[in-house]
Structures are given as C-alpha cells and as structure tokens.
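A single chain, nothing else alongside it, follows as structure tokens in the form predicted alone.
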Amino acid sequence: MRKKIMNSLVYQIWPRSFQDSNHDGIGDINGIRSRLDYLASLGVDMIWLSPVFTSPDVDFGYDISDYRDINPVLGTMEDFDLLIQEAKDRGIGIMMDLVANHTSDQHEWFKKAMEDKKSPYRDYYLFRKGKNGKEPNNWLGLFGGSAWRKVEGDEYVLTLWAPQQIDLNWRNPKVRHEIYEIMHFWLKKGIKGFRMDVINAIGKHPDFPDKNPGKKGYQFADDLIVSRPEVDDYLKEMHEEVLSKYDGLYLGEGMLMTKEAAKRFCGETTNELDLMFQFELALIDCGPLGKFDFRKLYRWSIPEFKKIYIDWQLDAQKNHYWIANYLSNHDQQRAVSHYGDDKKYHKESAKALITSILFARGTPFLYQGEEIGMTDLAFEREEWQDFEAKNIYGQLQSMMHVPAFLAEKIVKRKTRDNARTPVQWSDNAYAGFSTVKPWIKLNPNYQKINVEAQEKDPNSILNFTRRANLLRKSKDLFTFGIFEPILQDHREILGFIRKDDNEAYLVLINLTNKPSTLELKEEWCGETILQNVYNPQPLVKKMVFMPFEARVVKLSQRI
C-alpha cells in the first residue's frame, strides 16, 4: 500500500479560488465536490487542500482559530464529510494542510492565555520579557519586521509570521498531545494524509539568543529556528503516536530545506515523515533572504536550474529519502511564467515543465490550473490581497531602504496573489468560477486559457497532462526507478534516463525558447512515446531540438 500512495499524483487546491458553488465569489468545499470527475479524469490520486479550518483569514487559513471545524466561508463539516466520501468513491484521497507551528490569536488557547497569566495555556505559547525597552531578541519576522508582538507592559509573544499568528511552544508536551489529538480527529474521519506547514520550524533555540549580536536591524534567525535537532524528536513522537496508526501520505514543508535535513526527516528508516518539499528551484531567482531579496531577483540560468534539479534527484536516490516534485504552489509564481515563456511558447513550455515534474524520481505535485498553463497576473498595488505582499512592500522601504517604485516592482513579481487567481474553467463570465465578481482579480486571459477550450483540443496542455500522467502510471520505474542524468554540461537541454532491471526510458527537455543542437549516443535513439510539439523529427544522433521541446523515449535496450 505504501508504494501505491508514494506513486500518487497529488493535486493542490487553494479552496478560495477553485470553484464557487454558492454565488458569493469565494470558492468552497461544495465547489470542489462538483469538480471531482474532472480531477479523476486527470488521474489525480490525492487532493491536497490548503487550510479549510475555521480562521479569521488574516493569512487565508494559515491562521487557525479552531482545528476541529470548517471555515463557514468554505462550507460545513457535513460538506467536508461528503467531499471525503465522494472523493473516495473516485479513488481520490484528501490530504489536509496541518498548520501546527502557530495558531491564530483568535484561538481559544491564546484567548485563555491572555485572560490569565497563571493559566496553563500561557505555556502553550512563547511569552518572554523584553530587554532594555525592546523586543526579547533581534529576530526577524518572516513577513517582515520584528518576530515579536508586544502584548502588555514589557511582555512579548513570538510571532514568526504575521503578528496574528502566534507560535506554539512545542517543548510543552501538552501542546504536542493537543496536536496529535487533532490529527487523530481528522484521520478517523477518513482523510489520507497531511501536508505539514513549516514543520521544520517547530523547534526554537531554548535560550532565544540574538542572531548576529551587535548588527543593526532585525536578523533572520535561520539556524536558531530551522531544522533544529529537537524537531526530529517531535516528529518521531508524532510518527509513533499518530502516523504509524494510519495508512496515509505525510508530507513536510520547511524553510531552508537542505538535503541533510530532508534525509533526517524522511529517510527510509527514520520513522518521521514520508517526503519533503525543497525550495531551491522555487527560489532560484532570489537572494539568501528569500523571494523578496532584490539583490538577485530575476537572474537565473538553465545550468543553475539543471544543477538544482539533478542534485536533489541524485542525493535523494543515494541517501534513500523521498521528495515531492513540483514547480508551483499557493506561495509561488505560476510555473509557466516563472520558468517558461507564457507568451510566444505558452503551450510548449507549460508541457515541457509538466514533463519535468511527472518523470522525475519522487511523488509529483500539480497546482490547480497548472494543467492548463495558467499564468501570472500583473496586480496593481491597490489590488493586492496577500498580507505578505502588503507588509513586505513597506518593510522593503523602511528596513532595506528600497525606493517605493522598486519595492512595488519586486512585490508585483513575487506576490502570492499570482498563484491565487480563480481557476479558469471557461470563457463565460467570471471564467466559470462564479456567477459574481470573485474575491480576487481574475486573469483576463481566461477567454483563451481555460479548461473548456482545452478539453476540445487534443493537443492542449490539459490533454498532454493526461497522456503524460497515464504513461507515468503505466510504469513504476518512472516513480521508483533509477534516475541517471545525461548531457549534464549541455547549457539548454535537461536529459536523464529512468530505468529498472527490465527497461529504460530517456527524457529530454529543451528548457529554452530557442532551438538547441543535440548530440546523442546511438543507444539513446529509441522510440519516442511522448512528445509535446507538432510533427517532431525522428530522434537521431545529431539533431535540432525545438524551443521547449520535450520527449520521453523508450530505449531498445536497458542501459
């Protein structure tokens, strides 16, 4: 059963923007239910839902006020129970987004902690006294500004993300027990896994020291809050208390995920998690401080992309851990706009990128709309919905002295709003997402890029995705087989072989918007069984690969 689950195609849904069923402009659970047949037609095995718990929505669900109920904006518990059952009827499992590093300040635990300093709930969070009239230390919040929120007098509480997202004290065994009971609650309902938000940040340095003492300004605390040794202890305990008791897929998301940390958290024998996300590709054009670090923004190369892609594949293979393969999600740009050419070679580049996800070693993840090549949208500043974008815009100016015009340009490029525009189902009013104006701006290109149009086109991105996933599922070697890179010095083409003891397949992807000369060994010139361009030339030892051309080739002999 584990092998079947690890072979899943996981499809991420941002519920607010997937499908509106009650005509309020906001996507909901019943909207997801109405599209289950579509998801089944893609070959989806698991739906990862971004948070649907009760929340004041400061960070759109990642600030949870009740872990055991459904956000009324999105539906009811009855709706959710029906979603689990109807998805199961189609062979699809539900993965929930567990946000266990922090709660909303509207959560009952935090309210009780604030009502009485002697309350046991006080130790559910990280309250500390200030120093010299300032915060307890100089840690930087991940959305900008101080990581501490002043609550009263000289007392502060740790809020590494938005000030309304209060970090939990995982050193308190009562907190851990509460989280485990929440997990049991949902797993007993029949869900099939968790994606665990910033799970490598649940352990903080117990002494809360300054980072880079004496340096001016707030400092990113990195090693003081990321992938600390106690995280392994917590995850092993979680595995023993919860995960080992249910058949599911358990995925970790974490900041600054290194190969060594991934090996620790999801190695074959670690008894922690099943797989991890890595962010090196997502942040390929960003500086060391993250996606809004303007010092490197917009500059990346194909050799750099290839190196990150290949290094992670080889390291996971060598050290026997598992990774999630993806190129976009609710926090990142749309893949075709980030890595492809969303204008001249929109169709070709979208298909090429999907090929890179589906045929890598590991578990593939697609984000809603990726299967039709949805693109980024240039939001004006007054249209931003994302808390992070609004806050970072000010922080870039106040902390890093970035001119307002440049701060706006940086945020426009990287705002999470890019990935959160409504799914484009048709060219009808509001793209078939709703009958009223959506909660967030709709990309006007929905009239050309939409599911309905692509259903009718046998050569569409949508139908290519279906064919590619069918091929992937037909051979376990595409998920579990050996990954062997080739053409590593080629500056435009990503090439690798997938093989097992019986068969071998070659995957070739031109990652550029220009033709590229390709020289192959004779034994690599097999039968093309999947390609993304019209009337491709036969594969020969020396040829020109068209812009964003991608192929899967069955080799005549195992290499």
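A residue's number is simply how far along the shown sequence it sits, counting from 1. Everything numeric here is computed off the predicted structure, so don't read it as measured data.
Quick note: we don't show the form predicted together with a small molecule, though the next part is all about it.
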query	finding
Which of 195-203, 261-269, 104-112, 356-364 lines the interface with the small molecule in the predicted complex (heavy atom within 4.5 Å)	195-203
The small molecule contact in the predicted complex: Val99, any heavy atom under 4.5 Å	yes
Residue contact check: His330 to the small molecule in the predicted complex, 4.5 Å heavy atom	yes
4.5 angstroms heavy atom contact with the small molecule in the predicted complex for Phe53	no
Close approach of Phe478 to the small molecule in the predicted complex, 4.5 Å, heavy atom	no
Heavy atom within 4.5 Å of the small molecule in the predicted complex - the one residue of Arg420, Arg149, His346, Lys441 that qualifies	Arg420
Heavy atom within 4.5 Å of the small molecule in the predicted complex - residue from Tyr339, Phe80, Trp161, Phe292	Trp161
Triple contact flag Tyr246, Tyr250 and Asp274 to the small molecule in the predicted complex, non-hydrogen atom at 4.5 angstroms	no
